[in-house]
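Only one chain is included here, represented as structure tokens and corresponding to the form predicted alone.
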């Protein structure tokens, strides 16, 4: 792949470098650990040289590699220089941070345009590109919160959240076990399973379909903060009440999507099954359920996030002294914001893994579907 065209990202990065050079130093004069002129020159040199070198590269891979090294090397030096100098960054510091980010942007743009023939390289790029994107969210978060001296109580830097996670693994593990492995999984399985079975009954019995779907739309609009306290009163303070909230939240999305999916098969296919004298159940299992699979998995993916949200919010209204929602509500009252962010990070990771597992199962099960075949091409 040729990469002879200059990019506006690199050009703007070089311009920001030039402006930063004319307005140095990077930190305030009263900084307790001032950044040396050699480090500052190295940061500017990394950004400038990698940007200029990317113009001369004829290979997209080589250009992306040079930009990757320059952007992340400069970011590492900037983060190292701000350690111990929180709130002392001047405008040139943020200009160089923006320049490094622009180089990373250009690196991702080049990688996104590559068309490798090897499946292993394509898989590697599908993982690398979002990893770079996510890493720069954390880099900018860390640099801005430390450089601008944002109060810890408002927004702690990612390094503080990571340190809290590392130092609180037993507490976090107990919270995950209480919230996810008890309330979420039980409620998810029961809610989705019940919604699927009732959808089959509603498809079979007409008055159930006409009566349940309007009720399903109404219940889907119920506020969780109104349902959760009632479930706590009915089922107690332990995980069972949270599982009941999850069941309510996941039942009707599965019901509505499955009913819609069962109606997705075409008239020609159903007429063909009738010409073969197929029974209702034969048509259901051999035609209608496979056609409904994308709808069913869509409900499963939606419910994977709804279940986690429902369980955490339900724990705000009464729970034993363990659980992710309990920890968030308790620690925010104690102003332990890093612990709150640690719970949020763990919940986000668990929700992403949950969603990813469902998506992988969907991909393996509905490999015949045009959307999956198109994604693999």
Partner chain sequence: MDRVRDKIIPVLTILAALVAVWYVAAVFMNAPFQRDLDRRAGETPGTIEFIGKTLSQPKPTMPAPHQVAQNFFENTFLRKVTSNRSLVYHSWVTLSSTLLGFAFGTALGILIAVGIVHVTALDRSLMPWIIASQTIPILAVAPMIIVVLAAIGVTGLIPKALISTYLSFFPVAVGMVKGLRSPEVMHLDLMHTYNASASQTFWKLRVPASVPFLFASMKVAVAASLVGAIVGELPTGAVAGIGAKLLAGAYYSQTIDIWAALVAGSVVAAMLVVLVGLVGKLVERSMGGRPA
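Positions refer to the first chain, counted from 1. For the two forms, the rigid core is made up of the largest set of C-alpha atoms that agree within 1.5 Å on superposition. Only a predicted model underlies this, so the values are computations on that prediction, with no experimental measurement involved.
Absent from the display: the form predicted in complex with the partner chain. The rest refers to it.
Checked against the partner chain in the predicted bound form, the candidates 169, 98, 222, 190 yield a single residue with a heavy atom inside 4.5 Å, and that residue is 222. Only one of 35, 313, 44, 65 lies close to the partner chain in the predicted bound form, with a heavy atom inside 4.5 Å, and it is 313.
Heavy atoms within 4.5 Å of the partner chain in the predicted bound form are found in exactly one of 181-189, 127-135, 88-96, 239-247, that being 127-135. Taking non-hydrogen atoms only, residue 154 approaches the partner chain to within 4.5 angstroms in the predicted bound form.
Although the partner is absent here, residue 341 lies within 4.5 Å of the partner chain in the predicted bound form, judged by heavy atoms.
At the 4.5 Å threshold, heavy atoms of residue 48 stay clear of the partner chain in the predicted bound form, well away from it.
Heavy atoms of residue 117 never reach within 4.5 Å of the partner chain in the predicted bound form, leaving it off the interface.
Interface residues of 171-196, taken as those with a heavy atom within 4.5 Å of the partner chain in the predicted bound form (partner not displayed), are absent. Taking 2 Å as the criterion, residue 14 does not count as shifted between the shown form and the other one: its C-alpha moves by less than this amount when the rigid core is aligned. The Cα shift for residue 71 between the shown form and the other one, taken after rigid core superposition, is smaller than 2 angstroms.
Positional change of residue 134 between the shown form and the other one stays under 2 Å at the C-alpha, relative to the superposed core.
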